[in-house]
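Heads up, the chain below is alone and in the form predicted on its own; it's given as structure tokens.
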């Protein structure tokens, strides 16, 4: 609607302008009618918007509406007569005063829309822009109009006649400065109002020049200029007022910087014309030139100060961005990018990789805010331990690094010990340890391998019990090569069927009957023979193969269970699931598919999770286990009692079966404290209504103690080691299993 109205206004203006040129005899009538309509309608539109608006908008439209109302009064005072007779009479003194007041309202309206710059330099820039434009315009008006008027009239009368164009020049200077601080990319009411005032004052100056020099053909153009300025001002409320930062005066383009100097160019052009004609300048003109020069120099001085301040600000911003790009946001330590850059450019003797032990448990039990606080404290202690001898960095998560620029492997070892000692001191928000891997330039292939070698040394330190350090050496390189080879062979083993499932029965301790077994993956290497699970399962996890192995075991065990249940319908199988599999998002669908494919009820299957592994992602694992339990599948917590969060797991996980770790069972036959501990755990499990299975039963004396304490089920080499499926005795009414040798 507003766009159509603007288009209609432009079409109407074009037709009116054509009429002013085509019908000179009727131009006064047409002009008078248009001006009365435009100014009166504009006043009504502005005041209507003022009534409907609030706050700043009401103030703006009230001021501009009053200005248009004054202009409308002045036009109506002569326009009615002109429309009737075709001749425009002189304005009365009252109409002239009110018409001059319209200029005041115009200036007030323009100044009420924007806000001044916040800084002192910005305010000075705005003032000097105004002085530059005003001095140039005043000088041009004085040179261009005073001399011709003084030749026609007396100098005193000429000065009086100049008051109107001088006033217009001052308003024009203000309007041009305001226009220079506005964005050209968005049409706002600020641009429309100032643009209308600029057009009005320029038209007034052109009219005066035309009258002084007797240029009659300018009259239609002057009339058109007044009509266009009145129309622009009348339609200003159709554009939105600028808001927020948009209101602040600030030249944002070359256009804004050049606008105040347009009058300067005009003044210089007029002055050069006068010089070429051999005419001299009076003292007023010289004074205007001096003031103009002072204003220009002042403006440029402020601009230089602003540019210098901007340069300092940009330099500070670049420095801040460079610091943020090279440092960790949480701890303030150098980040991975800075570390790798320093590795490539600076002198380096060794690299230490520090990984916290047990940090995940802090996040899971105390929350991420506590974890962040811990990382900040660890970073501070790392700085203190390293001092000026190295560059500490945070690589991500709970992994840190220290670059040592000078020294040998002995210095690197001393630094590692200092870091471990400092982190072991009391006062941390939570108890954590650390493992440190060391790689030296002397022992590395090149600097690019330092981080990788330190990483391998750190993992070896973790495998050796944590809380210690390890230096990367040839032995570790051999182990790493063996691990890489094992990973490749394991991928082949999975593809070629070298893996198989062994089953270890779970026995009813009182009767000796077995209606359940645990499925365990085994690897029969074609050259090396049997490879223990403790050797290849960590390798499988590092290689990303553990999830596929778990899925394969689940499928194979479900197929075997379906076969056994045809003989013993009560038989169940427990399948171990790694945390990597639990959080992969595939467990629930895989379990559902296995049950459906082999027509198994949910209670025929038990999924086992190891307590020590759950610490990696307890919340995600708990969510998955609840979905699995919803299928009717039983949940078993393996190795219970070895971690400090055992009770937390019983509270958060949907557990049905608790398998007490073999470390509790091992010393039952001769250690009374072991008996007390086991009985306490057993009573807790029974109190929660859960089934208890004792792991690692290897001696008859252990069996006797378990029966005496009321433990119903057990598993261990006393009954049977893990065996292939064809060796598992299946039957609903079997006698007590023969006691097997306790040899593993």
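Positions refer to the first chain, counted from 1. Just so it is clear, the model here is predicted, and its values are computed rather than measured.
There is another form of the same protein, the form predicted together with a small molecule; it is not shown, and what comes next is about it.
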- Note on the structure: Answer among 397-405, 631-639, 304-312, 478-486 for heavy atoms within 4.5 Å of the small molecule in the predicted complex: the stretch 631-639
- Tell me, yes or no, whether residue 336 is in contact with the small molecule in the predicted complex, where a contact means a heavy atom of each within 4.5 Å. no
- Message: My question is simply whether residue 537 lines the interface with the small molecule in the predicted complex - judged by any non-hydrogen atom within 4.5 Å.
- Response: yes
- Query: Even though the small molecule is not shown here, does residue 522 get within 4.5 Å of it in the predicted complex, heavy atoms only?
  - Reply: yes
- Query: Is there a heavy atom of residue 416 no more than 4.5 Å from a heavy atom of the small molecule in the predicted complex?
  - Reply: no
- Message: Each of 577, 696 and 722 having a non-hydrogen atom within 4.5 Å of the small molecule in the predicted complex: is that the case here?
- Response: yes
- Item | Contacting member of 652, 462, 515, 662, with respect to the small molecule in the predicted complex [4.5 Å, heavy atom] | 662
- Query: Which listed residue (606, 504, 229, 201) meets the criterion of a heavy atom within 4.5 Å of the small molecule in the predicted complex?
  - Reply: 504
